[in-house]
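Just one chain is shown here, as structure tokens, and it is the form predicted on its own.
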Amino acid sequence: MITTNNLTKIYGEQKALDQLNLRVNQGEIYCLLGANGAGKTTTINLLLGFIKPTSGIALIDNMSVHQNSQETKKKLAYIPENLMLYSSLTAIENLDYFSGISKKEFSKSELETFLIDAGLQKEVFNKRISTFSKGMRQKVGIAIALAKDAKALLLDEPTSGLDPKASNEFGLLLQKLCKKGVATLMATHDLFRAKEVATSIGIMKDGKLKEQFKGDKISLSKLEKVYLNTMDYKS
């Protein structure tokens, strides 16, 4: 569902991404770890079609992102570190608005079901987003993905700034989407959450994918050790 083949992005003399090859199938969660500047966000932006590759190809459901931009966007949902919602609108109004952009219309009860499935409490459905915590806003983002019936989910540091409880709840929501067959690619610094939710984990440095593991084949302590060694950090 999400594929990159020798994907490369060069800015001037800097290689932000260097021949990246990865694959995320339906029902898989792939977590990309790495320091700032490792190439994680560049990968997400290329898959979203926000920027064009210097070489290589980004594919969503076997379609080139840059040759089929509108079609691939229909299959995608994106949750960045700071999700942009309309602060003066309520949760249900935001969901209704973004569903409309995707040319989908739902009844109030259907919209409420998406919010419930995303883990939001019913008593806040009609409260303005300006009153929401980051964790609550991220749940609205998940509801938007559910309403859109997204086949692929791209996440850029979605748990940054969340407290442990909210981060855990977000991880559980990702696993629910995984069971629905959604392919998820998450760029993150959070080794613990990656180990908890990922079916596959990759470690990036200087635009290159340095290490890859199956999530259930590596312990958290081993993952931390490999990560620190890859980053040339002294433990």
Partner chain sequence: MLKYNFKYELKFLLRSRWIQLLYIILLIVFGFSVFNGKQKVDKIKNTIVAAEKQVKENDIMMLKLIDSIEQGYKVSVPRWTVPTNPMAIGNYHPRVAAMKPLQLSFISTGQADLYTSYIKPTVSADDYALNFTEMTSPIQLLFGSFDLAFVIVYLIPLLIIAFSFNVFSSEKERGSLRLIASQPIQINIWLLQKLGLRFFWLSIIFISTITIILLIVSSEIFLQPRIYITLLALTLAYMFFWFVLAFIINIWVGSSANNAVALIGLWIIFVLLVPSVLNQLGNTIYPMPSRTLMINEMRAKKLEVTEKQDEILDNFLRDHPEYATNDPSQTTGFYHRYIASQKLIKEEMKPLVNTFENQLKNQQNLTRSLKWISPALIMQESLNKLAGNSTEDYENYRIQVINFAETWREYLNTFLFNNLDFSTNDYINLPKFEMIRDKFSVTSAILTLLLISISLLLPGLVFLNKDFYFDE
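Everything quoted here is computed from the prediction, not taken from an experiment. Positions refer to the first chain, counted from 1.
A second form of this protein, the form predicted in complex with its partner chain, is not displayed here; the remarks below concern that form.
Using a 4.5 Å cut-off to its partner chain in the predicted complex, not one of Q26, S55 and D61 places a heavy atom inside that distance. Proximity to its partner chain in the predicted complex, defined as a heavy atom within 4.5 Å, singles out one entry of F114, F125, F132, F98, which is F98. Partner proximity in the predicted complex, defined as non-hydrogen atoms within 4.5 angstroms of its partner chain, places exactly one of 197-205, 30-38, 164-172, 66-74 at the interface: 66-74.
Residue contact check for K148: one or more of its heavy atoms lie within 4.5 Å of its partner chain in the predicted complex.
Among residues of the shown chain, S88 is one whose heavy atoms approach its partner chain to within 4.5 Å in the predicted complex. Contact annotation: L48 falls within 4.5 Å of its partner chain in the predicted complex, judged by heavy atom distances. Contact check for L83: a heavy atom falls within 4.5 Å of its partner chain in the predicted complex. With contact defined as any non-hydrogen atom lying within 4.5 angstroms of its partner chain in the predicted complex, the stretch 181-201 contains no contacting residue.
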